[in-house]
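Next up: a single chain in structure tokens, the form predicted on its own.
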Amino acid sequence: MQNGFRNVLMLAVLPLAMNVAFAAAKAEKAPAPAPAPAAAAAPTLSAEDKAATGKTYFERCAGCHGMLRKGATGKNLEPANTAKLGQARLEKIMTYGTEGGMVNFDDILSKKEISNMATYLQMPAEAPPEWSLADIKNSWKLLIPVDKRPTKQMNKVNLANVFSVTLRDSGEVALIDGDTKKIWAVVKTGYAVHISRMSTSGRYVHVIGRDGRYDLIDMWTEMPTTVATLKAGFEARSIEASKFKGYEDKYAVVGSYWPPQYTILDGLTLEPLKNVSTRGNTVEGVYHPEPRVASIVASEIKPEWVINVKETGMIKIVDYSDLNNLKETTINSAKFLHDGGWDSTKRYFLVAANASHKVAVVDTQTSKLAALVDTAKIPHPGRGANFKHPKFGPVWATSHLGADVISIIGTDPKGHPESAWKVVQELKNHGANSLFVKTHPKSENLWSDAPLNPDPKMAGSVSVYKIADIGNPDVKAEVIDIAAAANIGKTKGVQRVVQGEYNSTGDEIWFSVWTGNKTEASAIVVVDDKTRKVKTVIKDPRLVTPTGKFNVYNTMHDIY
């Protein structure tokens, strides 16, 4: 039995052993397998190039794509996505721009800078440091105390018609006398001032740079003077003063992109008083580490600010009447909140949720969402434009980064309930990639730009409609080549015409001709609103890359 079992076992094992031996012999005779291909080297930059490229990303890209590159108006640029595109494709996108509204960078950055940026975007994003209330307080400088300031206006300038003009790449604002068309003063500020806002009294100009520097400029002095300054964060976009009766000039608020927070300040000294983080969940219930503060407006019917949080899609109604017991009402809307403005009654606030292709409407009387209006792709209204439509009554308009139309939304739920909070008409813009629409209560016209259009002719032109004719389905815009009228000569950079702004009386509209290159000429073109003819071209070596323009009277009173 034992021998029989042994034989059976040998019969079972022997074939297996023979197969193993045969495989080993075959392996000895076969050539060695080719080595596996080496993994591609991780993208890298020298420390010097990385630092320079990071600075460029902050200055040129973070506004749309986020400091952490998680995307908002622009796409997510984390390595998981950029590595799929690869170096050559990324360079091409940056060189030529996109139809979604990204400008072509071939006239702004060198080929090496574009190449370095493509590499940088394939490397992991690094989170910037935090910036607390203590940090803000340490950065605060009260340059001229309130009791050392003039008690009356010490100059003869018509302050109501002064324009605060952003000189993007020089880190300054030019205060231009709207009556004489002369530069009154150039004031050093933070990098690429995003907006200027006015105190309720009209005396002070509040300016915020994209680098988070906040300056308070007094216009009662003989020459405009910075009386207080601080650093609100590492990146910021929005500021506003308190406007409710009894709180005029009392408080100010600044919203930061990084860290994501808003900070309440003394309105006359900029002393930091309270800091509130906006980190939290999106409207979809997903935590987001970088919910940036976009536009802020001040209510005139309550002691409140409307603060829009971009990535979460949440709108904060902040009651500033008791800072020790700060009250926030949070309204869910849609991602990604950006810019917007009041309707003509200043009860309803309309804000673009641009990557969601919607406009959110907030009823500030009830602190509730009134509507989410579907629009064309990527609405970008600036403050928008209010006017009376021949058929639908009071309306508000927005242009679009991603579509060549102007959407007109009904804003009269009592007088025209059937058309309230709906797109009642779309007008053809001369091109997509628009940033601003503009009109004025005393104007008969509606204007729109398209500065980010890749076609230089479109980027340098504006569309203008006669409001009385807008109800006609066959209405067409007059297209005016503002860049050609500026006659600044040949430039390497595209001559982009951006942001129409009216003077205080509503009979002129000013446009910036922005080349995007601080070494080249720029200009401001003043157009007669009635005749649509150029009245004046403001040229001055100090006008370095002018972009936004903010008329004191119109900004004080939210006229658009």
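All values derive from a computational prediction rather than experimental measurement. The numbering used is simple: start at 1 and walk along the sequence shown.
Although not depicted, the form predicted in complex with ligand DHE is the subject of the following passage.
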* To do: Answer for Thr515 alone: is it within 4.5 Å of ligand DHE in the model of the complex, judged on heavy atom distances?
  => no
* Could you tell me if Gln495 has a non-hydrogen atom within 4.5 Å of ligand DHE in the model of the complex? -> no
* **ligand DHE contact at Gln499 in the model of the complex, heavy atom, 4.5 Å** => yes
* **Heavy atom of His400 within 4.5 Å of ligand DHE in the model of the complex** => no
* Asked: Looking at Lys75, His194, Lys346, His357, which is the one with a non-hydrogen atom within 4.5 Å of ligand DHE in the model of the complex?
  -> His194
* Note which of Gln261, Thr375, Thr82, Ser238 lies within 4.5 Å of ligand DHE in the model of the complex, where distance is taken over heavy atoms; exactly one does. => Ser238
* Are all three of Arg210, Ser295 and Phe436 close to ligand DHE in the model of the complex, meaning a heavy atom of each within 4.5 Å? -> yes
* **Contact stretch among 276 to 284, 117 to 125, 402 to 410, 336 to 344 - heavy atom within 4.5 Å of ligand DHE in the model of the complex** => 336 to 344
* **Partner contacts in the model of the complex for 149 to 169 (non-hydrogen atom within 4.5 angstroms of ligand DHE)** => Thr166, Arg168
